[in-house]
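Single chain ahead, by itself, as structure tokens, in the form predicted on its own.
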């Protein structure tokens, strides 16, 4: 009882601080959603924090008519493709380097680490020339290839540290039972790596979804524009229509929330490291 009594003040302080931080985070989201459900006139005259007056979804129709649906679909295609490519290639490369240590795998790891040291902004001109020579300029394929390649080094580094923590005895036991490398990868490495895969998927998905520089340089047509470019265009078209801009921002955030909610448990397990249950 005395121990519980000593812990109560600390628990109360933690609860107060956590609640305060939650309010700080939710306040701008609440303001953004509420403002997006108003017309420009109501936004300028009504109380911005109280849901007074009629609420409408007309601003969402406005931004969809302006092409937001195309930008949203393009971003979903690019992000999903990059996540699949990055996760598959990075996990396979990490497993190969752990399974067979050699000079070639060591050299490959050094090349990846060198990729981490070179920022994408420093090689944007050679990338543009390369994509143009490959006749991929102004296509979604160019964005998928470049963004996936830029995400692989850090993804391999994260997965390599995780796979190295898997007990070697598990790999040897499956090999003794006659399993080849593909079966070890599919039946053991892949299921045990789900937490780190979710972590990498969320991390890479956020970077791809919010990337502005590469779509700006490698695309031109509105038909292949992604959401960051679309929001930039909306700011120019609807600069004085704040509810329309906020409606576009709300729609751009929803897929990220779905990705996080769907993978949050695996991500938390991945942060904690490898463990056998």
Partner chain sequence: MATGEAMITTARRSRAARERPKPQGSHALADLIGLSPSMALFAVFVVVPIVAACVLSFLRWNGLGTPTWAGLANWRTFVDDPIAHNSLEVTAKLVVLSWIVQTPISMALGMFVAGRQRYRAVYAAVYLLPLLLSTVGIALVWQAVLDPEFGGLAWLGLHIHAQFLVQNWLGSGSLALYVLVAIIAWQFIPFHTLLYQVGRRQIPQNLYEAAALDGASRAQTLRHVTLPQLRYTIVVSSTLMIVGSLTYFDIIYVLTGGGPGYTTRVLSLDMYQAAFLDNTFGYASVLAVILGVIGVVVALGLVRFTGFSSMSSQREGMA
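Note that this is a predicted model, so its numbers are computed, not measured. By rigid core we mean the largest C-alpha set that fits within 1.5 Å across both forms. Residue numbers count along the first chain shown, from 1.
FYI, the form predicted together with the partner chain isn't displayed, but the following is about it.
A.B. asks: By the heavy atom within 4.5 Å rule, which residue out of 198, 131, 78, 87 makes contact with the partner chain in the predicted complex?
C.D. replies: If I apply the 4.5 Å criterion carefully, the residue I get is 131.
A.B. asks: Though the partner chain is not shown, can you say which of 66, 34, 249, 224 has a heavy atom within 4.5 Å of it in the predicted complex?
C.D. replies: Result of the distance check: 249.
A.B. asks: So, a 4.5 angstroms cut-off on heavy atom distances: do all three of 111, 216 and 235 pass it with respect to the partner chain in the predicted complex?
C.D. replies: Verified in the predicted complex; spot residues all in contact, yes.
A.B. asks: Contact between residue 115 and the partner chain in the predicted complex at 4.5 Å, heavy atoms?
C.D. replies: Flag for residue 115 set to yes.
A.B. asks: Hey, in the predicted complex, is residue 74 touching the partner chain, heavy atoms inside 4.5 Å?
C.D. replies: Heavy-atom contact with the partner chain at 4.5 Å: absent for residue 74.
A.B. asks: For residue 262, is any heavy atom within 4.5 Å of the partner chain in the predicted complex, or not?
C.D. replies: Judged by the heavy-atom cut-off of 4.5 Å, residue 262 is well away from the partner chain in the predicted complex.
A.B. asks: Verify the contact flag for residue 193: yes if a non-hydrogen atom of it lies within 4.5 Å of a non-hydrogen atom of the partner chain in the predicted complex, no if not.
C.D. replies: So residue 193 does not count as contacting the partner chain.
A.B. asks: Going by the partner chain in the predicted complex, which residues of 189 to 228 come within 4.5 Å of it through any heavy atom?
C.D. replies: Heavy-atom contacts to the partner chain in the predicted complex: 203, 210, 212, 213, 216, 217, 228.
A.B. asks: Using a rigid core superposition, assess whether residue 132 undergoes a CA shift of 2 Å or more between the shown form and the other one.
C.D. replies: The answer is no; the displacement is under 2 Å.
A.B. asks: Once you line up the core, how about residue 173: does its CA shift reach 2 Å between the shown form and the other one?
C.D. replies: Yes, the C-alpha moves 2 Å or more.
A.B. asks: For a quick test of reading the superposition: does residue 102 move by 2 Å or more at the CA between the shown form and the other one, rigid core aligned?
C.D. replies: True for residue 102: a C-alpha shift of 2 Å or more.
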